[in-house]
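Two forms, one chain: they're shown below as structure tokens, one block per form, named structure 1 and structure 2.
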Structure 1
């Protein structure tokens, strides 16, 4: 068990102090404990109490940061600042293959795979939570993908947002079903499919 982190732990019954700064070490310990328990015990058994014990903090310390287990797990597995396609090389497959591979390997992480089914149930029951999750993770990725496609100078044969959904859906399904097995070849295949949907007729001479 990791060394207890109790730097912000006042009495469990004492209300949180206004303006009291959060200790980043506690945040890190809680996130680490959450990911470990997801892999070891699964979504249902990963409770706030179990997370607090593993992190060496009190349950009120967790609740001062996150209002529910679902919110904590969502933030632990889908942090902000997710992936964006890298710089233009002139070859879409070259650009998108590592991007697709990063997404696939990320979603194949055992903690992510353990969390997703439980979070999907939570989203079904709480549409506002689903919207917040999408705004924090998928929406920025969608926007960066749209910008990347625009920078290629090529027109997608379908709407760029729909193309993103096709790409992410393929990677998401593969990660849940197969994990990281054959990830590089699959990432190349997805990048190739995306490339075939882009009209090169509007690309100017090099």
Structure 2
């Protein structure tokens, strides 16, 4: 049995070099069908068999690529890491509102709204997956927010991480329940609350 010899440099996690390559059209068809079904019929009805059916693809072709429905949906809905927002770089008062609005609108995407509760259910049986998802999405956001607060030279009366949790939690719940309706006003309210709390803080010795 000959070894699978690698003859040229390959990115280290390249899974296979011999055999028939995967048809990229299958990947896109699955992703497209997944998003469509999520939006049209909800998480419940977005079964793997239904996805395969709509994509014109066989069920094993789906399982070959993703080991579970949760992973498939996670990847289809958050293709390149959850949120990945641009860091806040400018003035605190003027920056926070567009930042909140950006998050709110992102989370209000119909596919994302449909996917999240379902993913939360799946996470109940797979804590590791939950952790992976959080570290991919929320953790970098939290870090960039913390850096931003530090750069303002303030010593907030409320810990920066918890302030972030208040902000994100409010936006998350709003997006889940109401979607993008009244996003502008709510983003303004959230930004105002956070800004007010920051203003209250004494400026540190910097």
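All figures in this text were calculated on a predicted structure; none of them were measured in a lab. Residue numbers count along the first chain shown, from 1. Take the two forms, superpose them, and find the largest set of C-alpha atoms that agree within 1.5 Å; that set is the rigid core.
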| item | value |
| --- | --- |
| Selected structure - criterion: the form predicted together with a further copy of the same chain | 2 |
| Cα displacement of residue 33 between structures 1 and 2, core-superposed (Å) | 3.3 |
| Backbone CA shift between structures 1 and 2, residue 61, after core fitting (angstrom) | 5.1 |
